[in-house]
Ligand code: ADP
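Read the single chain below, which is given as structure tokens and is the form predicted alone.
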């Protein structure tokens, strides 16, 4: 028997009586619900975690708890409000950080942060600057987090691993679609060597490993009513990784003039104004802990992560759409083509973006010395 959402909610330490539960958002991976309680008691977020993608939910929740505990400590030390400036994980009644139902589904909960604003896109440079500041601040607070995080997503942002998956997908061609995307396959192969050369910088330690978010779209940042950053949310993907992955993924998301799955490719290009605004916000927080190789590779990281997303969307299409949720048959192919258009625009504007990073870096270094 499948439990109702109300029955699921009873397995968590929620204060007050649950009055209603309704879905929120359109996440590609998890199912998310807002739990409203009676009177002046807190409301909560309840999520069914995708156990096919997050294959070790207990470890994932341990990572989230470790990160949020450290963030709360740092926020308190800085005189902030830990309940509003960091997520609060709500444990299940058995003491675990999750509940597993009779169907084998994993559920997790956190405190709902009231009176906040979120955005689906950063079309305004000031909003992009604030978003960059939010991710830079998030990384800075975690620079001194003790211990390590468990690798709950093996191969995530690992280009060598992605190419292994890619080669296997092409060899199997399970959905019989490979011959339909010959041109798109060429996009990937033409850039293989360049991307693996960049990956080598991580493997040799030239670019260090840090605690990172790994899904830095602006919808994962909550703002207050005055437009100030409150909290970074959706921490399922927190890992020990390169901070360049966070920066590159944010640029991919923020600075795209079109949609991630835009059918009209004429609308898709890199907005260098948004790129500069995000970079300015990010470096205002991150300049003091980034190493020279990290700074020097910021602009390329946007190409790296965008390429990875082209590969992943195209690979999922070839494999028969087994990873990402789709709304129509060729949705993943549409996504791959739109992301490739963005990648091509990044390549055309690469020297401009390098110049922007260098200029903003110099400005922030001057500010730091005052």
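Quick caveat, the model's predicted, so the values are computed rather than measured. Positions refer to the first chain, counted from 1.
What follows is about the form predicted in complex with the ligand, which we do not show.
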Subject >> Contacting member of 148, 291, 81, 118, with respect to the ligand in the predicted complex [4.5 Å, heavy atom] >> reply: 118
**OP:** Counting non-hydrogen atoms within 4.5 angstroms of the ligand in the predicted complex, say which of 332, 47, 63, 301 makes the cut.
**Re:** 47
Original post:
Is there a heavy atom of residue 219 no more than 4.5 Å from a heavy atom of the ligand in the predicted complex?
Top reply: yes
Original post:
in the predicted complex, does residue 211 have a heavy atom within 4.5 Å of the ligand?
Top reply: no
Original post:
Is the gap between residue 113 and the ligand in the predicted complex 4.5 Å or less for some heavy atom pair?
Top reply: yes
**OP:** Report whether the minimum heavy atom distance between residue 234 and the ligand in the predicted complex is within 4.5 Å.
**Re:** yes
**OP:** Please state whether all three residues 128, 134 and 361 have a non-hydrogen atom within 4.5 angstroms of the ligand in the predicted complex.
**Re:** no
**OP:** Please determine, with the chain shown alone, which of 264-272, 220-228, 190-198, 138-146 has non-hydrogen atoms within 4.5 Å of the ligand in the predicted complex.
**Re:** 220-228
